[in-house]
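Okay, so here's just one chain, in structure tokens, the form predicted alone.
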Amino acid sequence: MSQKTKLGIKELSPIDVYRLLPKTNCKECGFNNCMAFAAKLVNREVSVENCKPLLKKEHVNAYKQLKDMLKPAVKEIIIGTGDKAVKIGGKFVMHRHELAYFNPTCIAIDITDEMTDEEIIDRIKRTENFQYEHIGQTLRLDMLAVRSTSNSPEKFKATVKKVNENTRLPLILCSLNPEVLRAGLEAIPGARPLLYAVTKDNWREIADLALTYNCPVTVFAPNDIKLLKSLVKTLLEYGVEDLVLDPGTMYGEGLADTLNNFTMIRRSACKYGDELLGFPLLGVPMTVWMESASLAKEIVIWREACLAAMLMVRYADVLILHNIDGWALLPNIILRQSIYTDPRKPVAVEPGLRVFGTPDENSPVLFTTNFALTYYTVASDIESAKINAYLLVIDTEGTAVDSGVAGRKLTAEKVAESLKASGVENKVKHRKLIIPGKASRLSGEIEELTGWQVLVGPRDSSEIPKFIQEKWQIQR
């Protein structure tokens, strides 16, 4: 049993790591001493390789022990190569609040080898062009899954070649026929797609393909975790190490089993150190299209989106979808963003002075906090109203206005310091500062410390345009 399994994520402490470090306090890692570096390693904020002395020959055993101790419960797998590569898995904990989740769930859109060239190009373009700006991040889709519905090696090879030539995204090649998969791999040598899938009937042939082409492979055993583990053990002994697990995606009466299987697999890996189940999970919400043929298209799309959300929450690392309509995809990519933010670090923007439009010496000066959601909401309301203004973004360690005031992260002293450091007083001839309505209790202190006149603005940033129109002209 490995040191990591003995200790578990919760029991692992900086002392456990420190014992294996060189203890030279050389500072080459960027920290003042080895104990500080050990604390960062436990929190997975730095890599073992940052310790240069540890990489020397005399420390090779300690290095190997640390790598084993700190490895994730769910192995990280790379699909694709170079700029096309994506990482999946790499999870240390079952629950996000225990540490953080790494490598967001990849969403793949399917393409079949019986689609016309026009359909294929259209789906590629729609997948690649799908993007949405949210809280300062550009949210996108990640992969394309090429499915062989014809079971023809020649058709599949031509389709894979066409898709690969027209996309920057990594691929999943989907067929249970080894000869079809072989043809697809021949079309894109060196591309390292994810192969889907190994079963109890074809494992040897597809394992040979995975070893020959250096590809990760999906292990498929619908609603049978015992068989799944058996296949994993067989593949590992055969030499195939980069595996993805698909325990089956069932809807309707099988939904409960689907969610239970995903949960039990991730629990076994993260809570009990079961290394045969310590691999990324793949879900196929598009199976609802096969079970809902008699329903209206919109209902099936809605079902697929709901199933995708459930699987994402239940630890799926890859999802294969059929629908590409934005109204159904958008909620899930925002859900994914929310799940994969680091709970230890508030989502924040850089503090400082922001300029909107073309402000002059008479333009209003406002402030807000550097909590990303607050900042982008305020910025959007100012931009949409085409207001020429200066916005001072104050470092509140990523907290919102009301919580910042309550927790003393937003104080009159910080406002005064930020106002001075921003240089905005050299950009305007007035000395009037509009503060958020939720920070009204700071108005008196801000005036005393800065000498600026404080105007208490609205509690909701959507009312800023109206406030500027009605109050600023009068006050100026």
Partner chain sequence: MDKKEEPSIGLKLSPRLIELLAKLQEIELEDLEMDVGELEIWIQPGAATSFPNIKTALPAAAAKPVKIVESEFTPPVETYPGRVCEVKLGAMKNEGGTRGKTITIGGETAPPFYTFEKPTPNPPVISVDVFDMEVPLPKAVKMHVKDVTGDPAAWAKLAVEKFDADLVTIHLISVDPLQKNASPKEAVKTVEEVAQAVDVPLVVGGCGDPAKDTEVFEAVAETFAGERFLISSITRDMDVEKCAKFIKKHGHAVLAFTPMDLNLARELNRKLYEYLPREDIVMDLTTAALGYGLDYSFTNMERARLAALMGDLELAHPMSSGTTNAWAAREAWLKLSPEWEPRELRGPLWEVVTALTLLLAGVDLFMMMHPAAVKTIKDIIRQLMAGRGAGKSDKLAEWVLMKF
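Definition used throughout: the rigid core is the maximal C-alpha set that superposes within 1.5 Å between two forms. Numbering follows the first chain given and starts at 1. A quick note: this is a predicted structure, and the numbers were derived from the prediction, not measured.
Below, we refer to the form predicted together with its partner chain, which is not included among the displayed structures.
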{"property": "Residue stretch of 125-133, 362-370, 386-394, 157-165 approaching its partner chain in the model of the complex, non-hydrogen atom distance within 4.5 Å", "result": "125-133"}
{"property": "Contact flag, Leu194 vs its partner chain in the model of the complex, heavy atom cut 4.5 Å", "result": "no"}
{"property": "Close approach of Ala187 to its partner chain in the model of the complex, 4.5 Å, heavy atom", "result": "no"}
{"property": "Residue contact check: Arg441 to its partner chain in the model of the complex, 4.5 Å heavy atom", "result": "yes"}
{"property": "Proximity of Arg267 to its partner chain in the model of the complex, heavy atoms at 4.5 Å", "result": "yes"}
{"property": "The unique member of Val349, Leu243, Ile120, Val86 whose heavy atoms fall within 4.5 Å of its partner chain in the model of the complex", "result": "Val86"}
{"property": "Residues in 249-285 with any heavy atom within 4.5 Å of its partner chain in the model of the complex", "result": "Thr249, Met250, Tyr251, Gly252, Glu253, Gly254, Leu255, Ala256, Asp257, Leu259, Asn260, Thr263, Met264, Arg267, Ser268, Lys271, Tyr272, Leu276, Leu277, Val284"}
{"property": "Glu98: Cα shift of 2 Å or greater between this form and the one not shown (core-aligned)", "result": "no"}
{"property": "Core-superposed C-alpha of Ala385 shifting 2 Å or more between this form and the one not shown", "result": "yes"}
{"property": "Phe279: Cα shift of 2 Å or greater between this form and the one not shown (core-aligned)", "result": "no"}
{"property": "Note on Asn43-Glu397 C-alpha separation in the model of the complex, which departs from the shown form by 3 angstroms or more", "result": "farther"}
{"property": "In the model of the complex, whether the C-alpha atoms of Leu330 and Glu463 sit closer or farther than here (change of 3 Å or more)", "result": "closer"}
